[in-house]
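Next up: just one chain, as structure tokens, the form predicted alone.
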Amino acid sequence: MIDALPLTAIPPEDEALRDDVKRFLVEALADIPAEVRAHSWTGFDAAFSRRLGEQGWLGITLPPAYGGGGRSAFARFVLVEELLAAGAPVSAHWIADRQSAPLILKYGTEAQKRQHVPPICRGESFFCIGMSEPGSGSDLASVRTRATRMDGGWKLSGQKIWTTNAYRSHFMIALVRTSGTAEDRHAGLSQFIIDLSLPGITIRPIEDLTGDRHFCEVFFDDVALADDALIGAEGEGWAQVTAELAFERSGPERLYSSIVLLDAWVEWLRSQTPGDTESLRLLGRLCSHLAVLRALSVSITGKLSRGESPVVEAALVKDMGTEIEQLTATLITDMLGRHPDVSPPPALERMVNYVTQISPSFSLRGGTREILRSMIARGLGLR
């Protein structure tokens, strides 16, 4: 069973960061229209990421000795919440900042920490995650990509898929098999830091329904890795990646993927006279859901700040959060359709179309609903 999550407040010293971030974003995003910002955390802008690094806002929770800000997990929550609420283009640094750097600091050697973490904090080094594979999806224990020991290092062969921004990243942290077979499940899995410029690596972007090309498939054809590419202990990859996913599944990014669309719809509603009662009821419904989920996410941040690994609780946030993200686009679309005699602004229509098309991916990235609900059931002692 999992313990009840107490209501948690963001400490005042971390909440005080919010105004500085808001002021920065007003200036930095002044020329970016809402329909572009509606792409949320898939928006890629390396220059913007470097500006965040200059502000000290990348690696904000990481130790100053490695270029980080030394702030609490709550400070990062405030920062991320404001970035997502504004629709800032955070995709370039997102994975490196959120989970790759903390993973390296927790499990990596001193040399790995010195090599990788400072450039991540400066917004100069971007990472992707090599987890999913064809035929495996979110069933990570069944991965078949294999690293075999050889003189002076490892030989890597296999394939990864749905690897966000692989073609624009410098490194990948990949979960691969170093012993046994896929039938051995969790045993024999390890993680490697892979330089994506190495010979034998082929990356092919996959164009999605919206025309975006952030998903990729990555092929490894006898790629030679040095001994120091292994991160953590050989065979401990499953425990490492499970801890890593708590960072991926519990933050505001599981609540706010549709928030720029919601704000644009609210702005349009305010311009309508008299007010639409049905639309206002829907707005109240969406806001009440978001308020509860945000409180849950803040409580999990409290656990992370205490060094805990709230795997099941994070799965709950991810499952329920992505559901409301998807419903936002669907319900706004339905509401607009109830008033065919009132034409919304073309930009709002384009935003609705985009978020509707991209929203199926919300419940895929970071683990499908089936996998998450299986984890939740086990955590509740139901299976």
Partner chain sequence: MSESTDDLFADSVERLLRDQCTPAVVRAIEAGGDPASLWNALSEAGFCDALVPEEHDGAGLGLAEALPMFVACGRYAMPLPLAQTAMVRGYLARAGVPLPDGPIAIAPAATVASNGAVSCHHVPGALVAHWVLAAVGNEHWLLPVADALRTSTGIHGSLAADLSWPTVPASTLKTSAPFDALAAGALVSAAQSSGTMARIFDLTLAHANRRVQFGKPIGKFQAIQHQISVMAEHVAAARMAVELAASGLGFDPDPLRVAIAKGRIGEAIPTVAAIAHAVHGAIGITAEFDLQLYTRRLHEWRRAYGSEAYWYERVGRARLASDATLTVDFLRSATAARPTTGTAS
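Nothing here was measured: the structure is a model prediction, and the numbers come from that model. Numbering follows the first chain given and starts at 1.
As for the form predicted in complex with the partner chain, it is not shown, yet the points below apply to it.
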property: Listed range touching the partner chain, judged in the model of the complex by heavy atoms within 4.5 Å, from 108-116, 206-214, 160-168, 296-304; result: 296-304
property: Within 4.5 Å of the partner chain in the model of the complex, all of Leu5, Glu82 and Arg281 (non-hydrogen atom); result: yes
property: In the model of the complex, Leu175 touching the partner chain (heavy atom, 4.5 Å); result: no
property: Distance check, Leu290 to the partner chain in the model of the complex, heavy atom within 4.5 Å; result: yes
property: Any non-hydrogen atom of Ala28 within 4.5 angstroms of the partner chain in the model of the complex; result: no
property: Close approach of Arg285 to the partner chain in the model of the complex, 4.5 Å, heavy atom; result: yes
property: Of Phe192, Phe127, Tyr256, Phe220, the one that lies within 4.5 Å of the partner chain in the model of the complex (heavy atoms); result: Tyr256
property: Heavy atom contacts to the partner chain in the model of the complex at 4.5 Å, residues of 318-343 in sequence order; result: Asp319, Met320
